[in-house]
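A lone chain, given as structure tokens: the form predicted on its own.
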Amino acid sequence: MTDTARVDTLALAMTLATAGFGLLALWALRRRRPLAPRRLRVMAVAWVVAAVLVLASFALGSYLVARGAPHAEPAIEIDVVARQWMWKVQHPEGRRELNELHLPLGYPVRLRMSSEDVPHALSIPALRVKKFMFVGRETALELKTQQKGQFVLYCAARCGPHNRAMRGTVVVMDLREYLQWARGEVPGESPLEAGRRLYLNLKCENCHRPDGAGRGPALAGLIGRTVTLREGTTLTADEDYVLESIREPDAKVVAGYEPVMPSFAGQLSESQLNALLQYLKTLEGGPR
């Protein structure tokens, strides 16, 4: 797992060691009297041994930094798909975004990355990460952020003529804020208020008109109502039926209506679905 502090420490150590070897070389070149052959051989061997030990320590440090320390918390898995010239992100709670990547502060994250067209490379300089992505192959990048704020992400591969336009923003926020954002929640908002907001934002009433004359059946008074399906069977519209109809609207279509409703599976989190269900319970009336 990438840790920016460890990467910076390793880079600083490599810089200081390189500078030290350079100063030693300058000091040796300042000697005007030639060294005896025996002493020269000893110094050459010591120089080579010291260089090998330093390079080996850097190689080991790079390996340990790349592997990262084990973490007790399960990593949040986020899907990142690259396509000319955009980044598409899918969070586990169902939230989607384009050319933006929201991350929790100080919590392990695993990016599952792939490309839809040509090779790309996700680069986030502020987080010290860069990872190539290929068509038909999923690659993973584990990281843990150390600082809140907004940072730049871009494609570091020569992916086409508009490569410079393939940029985005990384937004690092507190874990609680991230979870609320990923679930589509508003701080201080009750489930009923969240359900009403979702109902209006998704424009449910455009198709589910209260008089039943829309493209879908009326939702007012739906919970507990007996409905007839296109196959001629009947059932009671309980909570499980409503949730199933949101996730898979083609599964049980009400008689008199066409299966035209889009599926919201993977687009709404469980908390959003429950909030929407709570609001639907408050809608009274409607045809029976």
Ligand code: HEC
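Numbers for residues come from their place in the sequence shown, where the first is 1. The term rigid core refers to the most C-alpha atoms you can superpose between the two forms while keeping them within 1.5 Å. These figures come from a predicted structure and were not determined experimentally.
The same protein also exists as the form predicted together with the ligand; that form is not shown, yet it is the one meant from here on.
Judged by heavy atoms within 4.5 Å of the ligand in the predicted complex, the contact stretch among the candidates 210-218, 138-146, 173-181, 79-87 is 210-218. Taking the partner from the other structure, the ligand in the predicted complex has no heavy atom within 4.5 Å of any heavy atom of M43.
When the ligand is considered in the predicted complex, C204 lines it closely, a heavy atom lying within 4.5 Å. In the predicted complex, the ligand lies within 4.5 Å of some heavy atom of L276. Under a 4.5 angstroms non-hydrogen atom cutoff, the ligand in the predicted complex has E258 among its neighbouring residues. With contact defined as any non-hydrogen atom lying within 4.5 angstroms of the ligand in the predicted complex, the contacting residues in 239-253 are Y241, V242, S245, I246, P249, K252, V253, given in sequence order. Once you line up the core between this form and the one not shown, the Cα of K203 ends up 2 Å or more from where it was.
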